[in-house]
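Encoded as structure tokens, the following chain is the form predicted alone, with no partner shown.
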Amino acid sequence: MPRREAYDVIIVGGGIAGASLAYFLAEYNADVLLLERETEWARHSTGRSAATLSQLDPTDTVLELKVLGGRFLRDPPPGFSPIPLLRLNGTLTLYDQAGWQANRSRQPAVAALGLELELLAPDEVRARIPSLTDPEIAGGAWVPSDGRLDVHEILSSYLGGARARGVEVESGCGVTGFVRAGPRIVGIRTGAREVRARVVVAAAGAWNQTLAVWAEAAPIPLRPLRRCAAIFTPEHDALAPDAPLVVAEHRSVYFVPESGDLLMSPMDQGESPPCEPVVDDLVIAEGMERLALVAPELRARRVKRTWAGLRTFAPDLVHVVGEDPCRPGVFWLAGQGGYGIETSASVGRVAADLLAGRRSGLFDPDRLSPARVLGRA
């Protein structure tokens, strides 16, 4: 249970969003309480990530946030972690003809952000990975600064750094309601206890809408979507252990080496309430069939493990960060989609600056404002 009766900021949700905010906010000497409902950290979306940094994104705002976040993950500040957070192996994104033309036109804008991007013709794609024999491949985009993330180390480093800076961190402590003074939220309830705060941050992923209902906050239209993944042994050992993440946009499947096997996701986006999501075996099977169209040598011989996680999106697929337009005392840190870990350093910094009463010099916070999505379906 929290050891004090009042804080400057209470952060509800101890996944990557809440942990990164706590880390950056502590730089301002704020009294911060970070609460996680579960007894184990990263039980939900953070712990079910594919653990990849893939910066190229079809949404311009998310692309910028990924590039900014990637810089932190490749080169964290001294003392953040004793081991590297990222193993560089790159990302190769594949397109059919329509997708190839659209992404070729984006190259100047991508380059302006400082993201190294190499466009590959079909024969150049196959030269890099001979097993990619899909005749529908019209080209590929190679990003060498992407790679595999150590999610456990990233989350642990955020939490450890936050604690070292004075943040109080509690797991196994769920919020059951809010405390109000007139129109303003002035704290939370956890069981029979009330804890006061100047601001309460909703950083609970798919459960943010539950918090919004309890607080009678703005009806931010967030959608939790389930995504499945599998670890499997392919029929042929056709990929090197350091092969890149391959994202076949035109087939809606991605795959990457994983401890001698392959990790595959069918890139599904099934509607889901906040819950412990269950894998859809049919979705996994359909993803395996699409992967076999991209690289027939990688057909699955044996599936070892499957899982599912929830990814929560705003209508425009961009994060929702800022004070609630209708309920003073509530601050949104939501809509991380499938890129919460990749953007944790950039979004966490912007949110911390806002809560400290400063306009971020890293990124225009108006582009993330909750007000922008009200009334959008």
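Because the structure is predicted, anything quoted here is derived from the model rather than measured. Numbering starts at 1 and follows the sequence shown.
The form predicted together with a small molecule exists for this protein as well; it is not shown, and the discussion that follows is about that form.
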Taking the small molecule as it sits in the predicted bound form, is residue 122 in contact with it (heavy atom to heavy atom, 4.5 Å or less)?
no
How about residue 12 - does it come within 4.5 Å of the small molecule in the predicted bound form, if we only consider non-hydrogen atoms?
yes
Although the partner isn't part of this model, could you tell me whether residue 251 comes within 4.5 Å of the small molecule in the predicted bound form, counting any heavy atom of the residue?
no
Even though the small molecule is not shown here, does residue 139 get within 4.5 Å of it in the predicted bound form, heavy atoms only?
no
Within 4.5 Å of the small molecule in the predicted bound form: all of 17, 174 and 205, by heavy atom?
yes
Pick from 341, 32, 330, 352: which residue has any heavy atom within 4.5 angstroms of the small molecule in the predicted bound form?
341
As a check of understanding, the residue in 26, 67, 51, 318 with any heavy atom within 4.5 Å of the small molecule in the predicted bound form should be identified as 51
From the candidate stretches 107-115, 86-94, 278-286, 207-215, select the single one in contact with the small molecule in the predicted bound form, where contact means a heavy atom within 4.5 Å.
207-215
